[in-house]
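The chain that follows stands alone, in the form predicted alone, written as structure tokens.
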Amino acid sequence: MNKLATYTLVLAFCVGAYYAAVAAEKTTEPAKEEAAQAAPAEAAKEPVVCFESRKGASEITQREIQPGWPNVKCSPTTGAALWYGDPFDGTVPMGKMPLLDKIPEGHALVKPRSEKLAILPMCGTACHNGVGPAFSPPKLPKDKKAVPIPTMEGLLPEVKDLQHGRGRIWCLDCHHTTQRNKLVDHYGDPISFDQPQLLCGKCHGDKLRDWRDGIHGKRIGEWASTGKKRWFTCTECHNPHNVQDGARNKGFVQLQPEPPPQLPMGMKDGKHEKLHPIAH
């Protein structure tokens, strides 16, 4: 009798453990399903970043201005910005520019970049502040050649083979001597990184004129000539550190173009584009 009672207790214990395990499995299944459904949703929440003119220099993160209305659409092919829900998002007035007095106040806008250049404030306060014995103006190299520094090469590898001006200019022709988070003009006065056109125009006067007149560069916004527009500044499209870079030696790095638009149904090629509408 005692053996029977013992066997009964063991059997009851095993059955109870089995049902407990089954119940626990059923409880965890919905949790697993919820986690599996939530995983793609979490992955989809990763921010989409595309570039506006040059990768690494004018990048914009996609977000919704209103439900279903993104601030920018990114190209799945090149990662470039295709169109804007709000072209003036994150912009500020460009500031005074010579010969642009005909543009109404606040109609020439730029996107400030100095806040995104995280290295520059650190450089201007930690090392290149003009007060240390190694970096004060009297100690600058007389041959106007930058001294190779491993830290600098690691932060800006393209500077190691700087050929801007084909060796005729060096770092402090563009960067302020004591305020390294600023550029410099011909008078030695600082220029904000948000207005690099004031620096580039020192040597590239013809390009500055064309940029100012709307022939060169990129603008988005209202169609009217004096309408509200966002202006893209020089360094948003061009990297001044890799001009004539090394063996390439062919000016600025070319941007990857978008694929051509799809032809209308029934059209075999784009030869019609070569025909002028007016015979001459």
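Residue positions are given as counts along the sequence shown, with the first one as 1. Keep in mind the model is a prediction, meaning the values are calculated, not measured.
We do not show the form predicted together with a small molecule, though everything after this point is about it.
*Asks:* All three of Val92, Met94 and Ala224 touching the small molecule in the model of the complex at 4.5 Å, heavy atom to heavy atom?
*Replies:* Verified in the model of the complex; spot residues all out of contact, no.
*Asks:* Looking at Leu140, Ala80, Cys123, Leu100, which has any heavy atom no more than 4.5 Å from the small molecule in the model of the complex?
*Replies:* The option sitting close enough to the partner is Cys123.
*Asks:* Which among 68-76, 101-109, 203-211, 84-92 is in contact with the small molecule in the model of the complex, heavy atoms within 4.5 angstroms?
*Replies:* Single hit among the candidates: 203-211.
*Asks:* Within 4.5 Å, heavy atoms only: does Cys127 come near the small molecule in the model of the complex?
*Replies:* No, Cys127 sits far enough from the small molecule in the model of the complex that none of its heavy atoms falls within 4.5 Å.
*Asks:* Consider Asn181 of the chain shown here, and say whether it contacts the small molecule in the model of the complex, taking contact as heavy atoms within 4.5 Å.
*Replies:* Output for Asn181 is no: heavy atoms all beyond 4.5 Å of the small molecule.
*Asks:* Examine Lys228 and determine whether its closest non-hydrogen atom to the small molecule in the model of the complex is within 4.5 angstroms.
*Replies:* Because no heavy atom of Lys228 falls inside 4.5 Å of the small molecule in the model of the complex, the answer is no.
*Asks:* Hey, in the model of the complex, does His176 get a heavy atom within 4.5 angstroms of the small molecule?
*Replies:* Residue-level check for His176: no, no contact with the small molecule.
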